[in-house]
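Single chain ahead, by itself, as structure tokens, in the form predicted on its own.
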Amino acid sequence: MSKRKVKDSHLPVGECITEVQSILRERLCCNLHPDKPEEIEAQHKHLLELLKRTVIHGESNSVLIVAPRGAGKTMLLKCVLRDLLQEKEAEKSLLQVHLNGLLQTDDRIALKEITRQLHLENVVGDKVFGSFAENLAFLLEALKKGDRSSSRPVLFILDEFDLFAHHKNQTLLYNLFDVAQSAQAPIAVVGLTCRLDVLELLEKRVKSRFSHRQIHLLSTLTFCQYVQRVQTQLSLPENFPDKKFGQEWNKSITTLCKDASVEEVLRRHFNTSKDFRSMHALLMLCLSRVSVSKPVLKPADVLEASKLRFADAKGNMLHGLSILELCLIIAMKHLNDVYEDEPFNLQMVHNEFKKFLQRKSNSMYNFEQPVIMKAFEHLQQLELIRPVDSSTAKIQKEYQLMRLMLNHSQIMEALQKYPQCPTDVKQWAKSAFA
């Protein structure tokens, strides 16, 4: 938030707009967390006490935070960590290891990341370990300050926890839970997942070592609360340098949120995702439309921002294709219709394109084979088509099997918006989908 002192003065509009954008951009982009998470105070207290027992009393624990995407799992954890690190002992000794199932796809990568985050690369050096357990035990041993009772507490945070259950033998989970259960070193394992059935994914030996503590976050956010949050996020603080401008801005935001068309847009976003990050992305697009010549947000700005948020990226890519590439896409969709989504190759697509050409009297679509090949390869580079099998290096390009990554509506919508699309191509597309 702006550090300027309050001064009841009138600033030039340009300065006011710059200040507005600075304040709101920081609020929306930095995902500033609330001082006290709303409606999840009990979960916040539970998790904070649990982690305090690890940091202060050396008691090992494990817990899962289970909730749908956007319900506030990451926000809860970050708020708890912020409050935990206000404890002098935690600030001085707590070590954190953040792992993500999307990034650490096997135990070897995970162990390397643990070593890096604990700054123990030099300690490990060229040592060879017989097993994952030995390596992890060595790392935890290296964190001891001297005697056994003075090990530094380590917090392991496993985001996308369910993906770690797919690792071979679940070795990482087994060893972390085993250390936590046997109190070999003070560690806390916190898993974040969207899957309610996550415990069913765990092997028996892993499940038996888990504490079975679970914290559930169930979203109770109503649409009225969602709109109120939008208004709060777009409103300026009372200490805005130009008090009159700040009051007028806040009044315009209140009017904006009551507009019927804006309410309709917000309801669509609310029904699609209650995730505040998604809301912030929408509001940032709105904010980017504010300028000196247009110093207030209008309903049209929200509508335009919503269109951009819901825009189909692949459909938009079709608008920049050449007529030849567009014709090849139509030929592919025709083949999908005839052969019920079976894969195709360039030769089949070319033959389908020739059928279209045979019905034409002019030669504006007559292209040489290398040109068609180049267009086909460009579609692959854009990932509008992809190979069925990645191990096709020895197969001639003309015969590599491909799949189309577009559906009927994306192609037809793109044809309607395509600049100066020839009528015969549109008619051929419609006949292809008949």
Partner chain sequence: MKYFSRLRVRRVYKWLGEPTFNRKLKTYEYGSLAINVDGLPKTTIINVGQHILIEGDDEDHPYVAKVIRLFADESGKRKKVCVQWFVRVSEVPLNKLKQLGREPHPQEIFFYQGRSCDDEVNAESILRPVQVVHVEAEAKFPVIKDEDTLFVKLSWDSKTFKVVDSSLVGPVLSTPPLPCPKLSLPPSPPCSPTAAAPLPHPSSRRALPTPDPLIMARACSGEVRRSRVCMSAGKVGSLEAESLHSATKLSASKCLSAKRRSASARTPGVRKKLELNSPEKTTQGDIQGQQLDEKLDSEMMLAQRLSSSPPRMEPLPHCLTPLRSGHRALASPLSHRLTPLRKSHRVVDDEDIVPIKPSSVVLRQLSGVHSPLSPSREDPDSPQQADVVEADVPNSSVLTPKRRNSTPRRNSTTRGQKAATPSQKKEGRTSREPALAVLAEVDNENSPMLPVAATPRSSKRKSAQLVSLRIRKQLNLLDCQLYLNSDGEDEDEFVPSKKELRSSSEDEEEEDEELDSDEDVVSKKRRNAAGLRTPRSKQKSGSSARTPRKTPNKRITPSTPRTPRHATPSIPSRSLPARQPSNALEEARTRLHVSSVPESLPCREQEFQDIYSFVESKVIDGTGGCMYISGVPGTGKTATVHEVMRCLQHAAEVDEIPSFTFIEINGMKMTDPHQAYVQILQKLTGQKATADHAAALLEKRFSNPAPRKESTVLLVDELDLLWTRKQNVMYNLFDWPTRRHARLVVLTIANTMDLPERIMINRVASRLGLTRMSFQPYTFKQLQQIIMSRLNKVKAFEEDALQLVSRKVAALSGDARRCLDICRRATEICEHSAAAPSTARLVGMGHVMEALNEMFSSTYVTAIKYASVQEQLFLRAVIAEFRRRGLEEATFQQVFVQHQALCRVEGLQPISVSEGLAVCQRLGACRLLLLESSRLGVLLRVRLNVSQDDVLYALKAE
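If you superpose the two forms and keep the largest set of C-alpha atoms that fall within 1.5 Å, you have the rigid core. Numbering follows the first chain given and starts at 1. Computed from a predicted model, the values in this text were never measured in an experiment.
Not pictured, yet referred to below: the form predicted in complex with the partner chain.
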{"property": "Listed residue that, although the partner chain is not shown, lies within 4.5 Å of it in the predicted bound form (heavy atoms), from 358, 86, 261, 272", "result": "272"}
{"property": "Proximity to the partner chain in the predicted bound form, single hit among 140, 297, 76, 234 (heavy atom within 4.5 Å)", "result": "140"}
{"property": "Stretch from 284 to 292, 77 to 85, 190 to 198, 222 to 230 whose residues place a heavy atom within 4.5 Å of the partner chain in the predicted bound form", "result": "190 to 198"}
{"property": "Non-hydrogen atom contact residue 218 with the partner chain in the predicted bound form at 4.5 angstroms", "result": "yes"}
{"property": "Any non-hydrogen atom of residue 243 within 4.5 angstroms of the partner chain in the predicted bound form", "result": "no"}
{"property": "Interface membership of residue 404, the partner chain in the predicted bound form, 4.5 Å heavy atom rule", "result": "yes"}
{"property": "Heavy atom of residue 354 within 4.5 Å of the partner chain in the predicted bound form", "result": "no"}
{"property": "Residues 95, 136 and 175 all lining the partner chain in the predicted bound form, heavy atom within 4.5 Å", "result": "yes"}
{"property": "Contact set, 59 to 91 vs the partner chain in the predicted bound form - heavy atom within 4.5 angstroms", "result": "59, 60, 61, 69, 89"}
{"property": "Shift of residue 115 between this form and the one not shown at or above 2 Å (CA, core fit)", "result": "yes"}
{"property": "Rigid core superposed: residue 282 CA moves 2 Å or more between this form and the one not shown", "result": "no"}
{"property": "Residue 91: Cα shift of 2 Å or greater between this form and the one not shown (core-aligned)", "result": "yes"}
